[in-house]
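Single chain ahead, written as structure tokens, the form predicted alone.
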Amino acid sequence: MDDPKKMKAQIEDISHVDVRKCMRCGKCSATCPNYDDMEYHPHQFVCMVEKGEIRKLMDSNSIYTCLSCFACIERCPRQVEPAKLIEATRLMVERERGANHLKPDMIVQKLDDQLPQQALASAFRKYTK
């Protein structure tokens, strides 16, 4: 499936997020603890979903660098919830692949001393759906 309208509808259906509520204030991105490591920042993610640029998001590592800490959700004055869009996009990728991207034992091999502990918890949440 590469129809942008269908993909956008699927993302909105999975996430239950109305991207049209976003007022582009950027507070979600300003509070993101992993901002520097993301190719697309939370406010860009919302905008790209609204434009139907789902394939670009699905091909981006940003769906895996998001910590799923939900700080962006806490800061949004309009309850747009970019983290839910990112999770929905990641879920679409996983469904397309037909299996989980990583197994839990593979995550341990990717750990380093600089990795925040929150990333470990969110990785298990991301890769074990």
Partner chain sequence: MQKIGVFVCHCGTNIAATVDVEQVAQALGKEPGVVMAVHYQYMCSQSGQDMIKDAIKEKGLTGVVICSCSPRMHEATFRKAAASVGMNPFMVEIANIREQCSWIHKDRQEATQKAIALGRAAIAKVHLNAPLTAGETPVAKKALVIGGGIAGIQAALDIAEAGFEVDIVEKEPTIGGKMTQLDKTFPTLDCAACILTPKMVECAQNDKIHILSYSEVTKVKGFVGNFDVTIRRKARYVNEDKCTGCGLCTQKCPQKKIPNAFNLNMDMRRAIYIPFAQAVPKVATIDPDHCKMLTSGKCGLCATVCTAGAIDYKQKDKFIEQKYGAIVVATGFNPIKADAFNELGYNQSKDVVTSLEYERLMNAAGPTDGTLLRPSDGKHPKTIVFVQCVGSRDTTCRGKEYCSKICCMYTAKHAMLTREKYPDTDVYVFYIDVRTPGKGFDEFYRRAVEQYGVHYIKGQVGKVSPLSDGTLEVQASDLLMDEQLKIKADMVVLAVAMEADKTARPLATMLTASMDTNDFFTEAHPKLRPVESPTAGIFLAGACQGPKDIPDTVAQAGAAASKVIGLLVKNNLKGNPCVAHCNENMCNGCSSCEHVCAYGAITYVAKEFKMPDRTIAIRRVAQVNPAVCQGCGACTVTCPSGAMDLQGFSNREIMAEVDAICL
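Positions refer to the first chain, counted from 1. Remember, it's a predicted structure, so these values are computed and weren't measured experimentally.
Only in words, not in the display: the form predicted in complex with its partner chain, which the text now covers.
Asks: Using a 4.5 Å cut on heavy atoms, which of L91, C76, L67, M48 is close to its partner chain in the predicted bound form?
Replies: In short, C76.
Asks: Check K84 for me: does it contact its partner chain in the predicted bound form (non-hydrogen atoms, 4.5 angstroms)?
Replies: Heavy-atom contact with its partner chain at 4.5 Å: absent for K84.
Asks: Taking the shortest heavy atom distance, is I63 within 4.5 Å of its partner chain in the predicted bound form?
Replies: Result no; I63 lies far from its partner chain in the predicted bound form.
Asks: Does V108 reach its partner chain in the predicted bound form if we count a contact as any heavy atom within 4.5 Å?
Replies: The answer is no: V108 has no heavy atom within 4.5 Å of its partner chain.
Asks: In the predicted bound form, does L57 have a heavy atom within 4.5 Å of its partner chain?
Replies: Output for L57 is no: heavy atoms all beyond 4.5 Å of its partner chain.
Asks: Since the partner is left out here, which residues of 13-44 would have a heavy atom within 4.5 Å of its partner chain in the predicted bound form?
Replies: Contacting residues: M23, R24, C25, G26, K27, S29, A30, T31, C32, Y35, H41, H43, Q44.
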